[in-house]
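One chain comes next, on its own, written as structure tokens: the form predicted alone.
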Amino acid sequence: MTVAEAPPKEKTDFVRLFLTQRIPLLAVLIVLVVVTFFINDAGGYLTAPYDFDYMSASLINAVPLAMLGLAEMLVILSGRGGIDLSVGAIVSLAGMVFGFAYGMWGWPLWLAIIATAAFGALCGAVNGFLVSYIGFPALIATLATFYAFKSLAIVINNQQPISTEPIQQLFSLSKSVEIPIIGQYIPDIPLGIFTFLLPTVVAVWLLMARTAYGRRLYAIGTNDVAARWSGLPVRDTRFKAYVYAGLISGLVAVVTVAQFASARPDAGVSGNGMALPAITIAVLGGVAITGGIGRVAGVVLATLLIVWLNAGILLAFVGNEGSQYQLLALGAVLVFAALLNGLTNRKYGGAQ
């Protein structure tokens, strides 16, 4: 009787790399998705060209998705079942506040943006207080505030959007611009990437990687009991995670108002809303739903994967069928991400 041979060490290391290092895995998946749609485009199976110009234009959808994915990352990292189902409703309500401030009251744009972000942070503080200090489960607390914020967004202006001239002029923030020096060689990039997404990505990365708060957040997400015995301010750290998530949601509200050229009371909750895609992106990006594990780069790459996958699906079907298959793809990706995270946690102790 012969003993089964062990798998080669190189193969084991390769599997371990792609299970524990989410960044390489996401990069490979992005390449596979793009190459697949390029091949289908070359074969004439798509309803319109899937090229670099189309991919660049679709990045306008990445701005709110990636920002909310980072917001979800912060609250999920805090542990204890951390999640925020209200981010879409905060986007709707904060968008209406921005519509009043900039579109109707005539506030300067910079002041209206700051006020909207502050209002979003206030909404996040409500969530944080309920979860961190009252002890409500995050799922119940944020579901309750989702309904509250959604209702307020609808009734605050009698179910009417705000589409005054100053608001309509904000549509220019959604246009694509040419990058200096190299712009003639690559497609134009949506302006929102530079004005909102990149600053948010840098700010969250600095917060998590270069501050004591970021280290505390990872610590309480991994084991809040041990963190409490170590003298860390567990409640305050978790509370601030929800505040930061609300602040980011307030900035997303400005983005959506500019994209729609209108402050809509249903901007963040129409259809399937913004919360569930944001949670999917966070989990796909390697954020452990149990808390304590997650990276900014993973969320960004997961956003690119979802956006370019959805963009290709729209061209693969005639009419509105593509949008329905997008939902199927989103569900499949969420299941895949959850299974992958579970497998990684059992075998190697989590993805990085």
Partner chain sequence: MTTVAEPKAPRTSKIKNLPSPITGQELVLVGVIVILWAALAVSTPAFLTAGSIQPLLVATAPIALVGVGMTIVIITGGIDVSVGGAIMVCSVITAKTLVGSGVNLGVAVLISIIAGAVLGLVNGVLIAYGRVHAIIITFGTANLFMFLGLRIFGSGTVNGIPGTLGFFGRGPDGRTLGVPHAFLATVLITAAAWWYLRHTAGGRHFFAIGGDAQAARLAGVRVQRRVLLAYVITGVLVGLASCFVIAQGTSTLDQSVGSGKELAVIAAVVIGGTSIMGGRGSVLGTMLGALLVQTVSSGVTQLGWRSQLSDLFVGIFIIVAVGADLLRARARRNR
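Positions refer to the first chain, counted from 1. Just so it is clear, the model here is predicted, and its values are computed rather than measured.
Form predicted in complex with its partner chain: not shown, discussed below.
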### Query
In terms of non-hydrogen atoms within 4.5 angstroms, which of the given stretches 143-151, 194-202, 161-169, 260-268 touches its partner chain in the predicted bound form?
143-151
### Query
Any of the heavy atoms of Glu321 lying within 4.5 Å of its partner chain in the predicted bound form?
yes
### Query
Does its partner chain come within 4.5 Å of any heavy atom of Val155 in the predicted bound form?
yes
### Message
Does any part of Pro24 reach within 4.5 Å of its partner chain in the predicted bound form? Heavy atoms only, please.
### Response
no
### Task
Give a yes or no for Leu247: in the predicted bound form, does one of its heavy atoms lie within 4.5 Å of a heavy atom belonging to its partner chain?
no
### Message
Taking a heavy atom within 4.5 Å as contact, would all three of Val63, Ala118 and Phe239 count as contacting its partner chain in the predicted bound form?
### Response
no
### Message
Just to confirm, with a 4.5 Å cut-off on non-hydrogen atoms, which of Leu130, Val243, Val97, Val234 contacts its partner chain in the predicted bound form?
### Response
Leu130
### Summary
Across 308-340, the residues having a non-hydrogen atom within 4.5 Å of its partner chain in the predicted bound form turn out to be Glu321, Gln324, Tyr325, Leu327, Leu328, Leu330, Gly331, Ala332, Leu334, Val335, Ala338, Leu339
